[in-house]
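Shown below, as structure tokens, is a lone chain in the form predicted alone; questions about how it binds or moves come after it.
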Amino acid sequence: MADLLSIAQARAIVRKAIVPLEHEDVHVEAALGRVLAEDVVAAHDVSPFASSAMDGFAMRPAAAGATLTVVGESRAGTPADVVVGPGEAIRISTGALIPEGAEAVLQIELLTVSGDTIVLHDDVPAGRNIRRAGEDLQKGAVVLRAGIRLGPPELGVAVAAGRGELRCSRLPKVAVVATGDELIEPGAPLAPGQIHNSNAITLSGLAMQSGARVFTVTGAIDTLEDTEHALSHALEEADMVLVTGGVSVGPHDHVKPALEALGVQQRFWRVALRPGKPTWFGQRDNALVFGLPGNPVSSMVTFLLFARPALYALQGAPFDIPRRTAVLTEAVERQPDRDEAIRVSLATDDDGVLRATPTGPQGSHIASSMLNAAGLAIVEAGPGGLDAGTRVPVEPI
């Protein structure tokens, strides 16, 4: 259909609207999940000194059968204060500094200790069981690049490299607004015609998984006044507003006129996508507004394809998540005029081939189709269907 944007066209419009957020210094203990805004350079070698890879004894090169005199001990954090001479050894712990004069370490299992002497049961060449200074990271080297999301390994490397604070992008502030007379709070008893407000909880969780700080989750009944009031509050401080429901053209769909009244400029409406055709996107200043469909799967799929990359890019991370290619394990039908995002589980077979299996019925109201889904297989519009064995692009979830 001529008036529908492709997924790629819609994503390009979203990408163009993004203004990355400002940066702030964050203590490493609070930086988990944040996006790094600067390269991290090692302030010193890691390890900063030559250390032992074993519990044992540090010595000069020696042959099996040699008897050495123990003249001290080097412990982690407490180096020995003596020099190792010929025929001498120093007891040493894993990670402890190699004492001056020593060139190797023999592990405790390969020698016999008798009072202040040891007998070697193996040859000890220079360099044995020694971790050299800078073997992991070298001073001045870039060890982390801007734009990565900080996980536990990245934080550990940053600390090892000498950092106590990291320059990160500010967390995006997100508001979630769910519209509809039929929505009631989670856990409340249902009256005829009511459903629980699952979309708000799902979208809030997806936003937080994408690095956002969700500062409000609210609802609006199907009146223009209430919808405008909820959206006005959301827009006061949000970097992104996620609205679910009410974006179509029915008599009770008030989101678009409410947003227009609040000065939000429409950038697109309707995408050649199943599920998710009535997706709406607009902007007020730097605030991004996504009007997502009310069906639960549609709201999740459109968040993943449009809002999630926008949240990443706001934080300075790459907009595009690299797609994978997988082989369908069963035949699927194609839509004649819209690409379809089919929820699939993913598994790699013994030959290393990634295989995608649809998670069951794919209706936009079947929220359980997202359970166990590891990706969205993008099936391009066209006649007929795709046979099992066809290779398809998959957007990771």
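Because the structure is a prediction, the values reported are computed rather than measured. From 1 onward, residues are counted along the sequence shown.
One more form of this protein, predicted together with adenosine monophosphate (AMP), exists but is not displayed; see below.
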Looking at 76 to 84, 190 to 198, 164 to 172, 319 to 327, which one sits within 4.5 Å of adenosine monophosphate (AMP) in the model of the complex if you count heavy atoms only? 190 to 198
Just give me the single entry in Glu154, Asp239, Asp253, Glu228 that has a non-hydrogen atom within 4.5 angstroms of adenosine monophosphate (AMP) in the model of the complex. Asp253
Residue (of Leu311, Ala178, Ile90, Val301) lying close to adenosine monophosphate (AMP) in the model of the complex, criterion heavy atoms within 4.5 Å: Ala178
Do Glu182 and adenosine monophosphate (AMP) come within 4.5 Å of each other in the model of the complex, heavy atoms counted? yes
Do Pro293 and adenosine monophosphate (AMP) share at least one heavy atom pair within 4.5 Å in the model of the complex? yes
Could you confirm whether Pro275 comes within 4.5 Å of adenosine monophosphate (AMP) in the model of the complex, counting heavy atoms only? no
Sequence-ordered residues of 232 to 246 touching adenosine monophosphate (AMP) in the model of the complex, heavy atom within 4.5 Å: Thr244, Gly245, Gly246
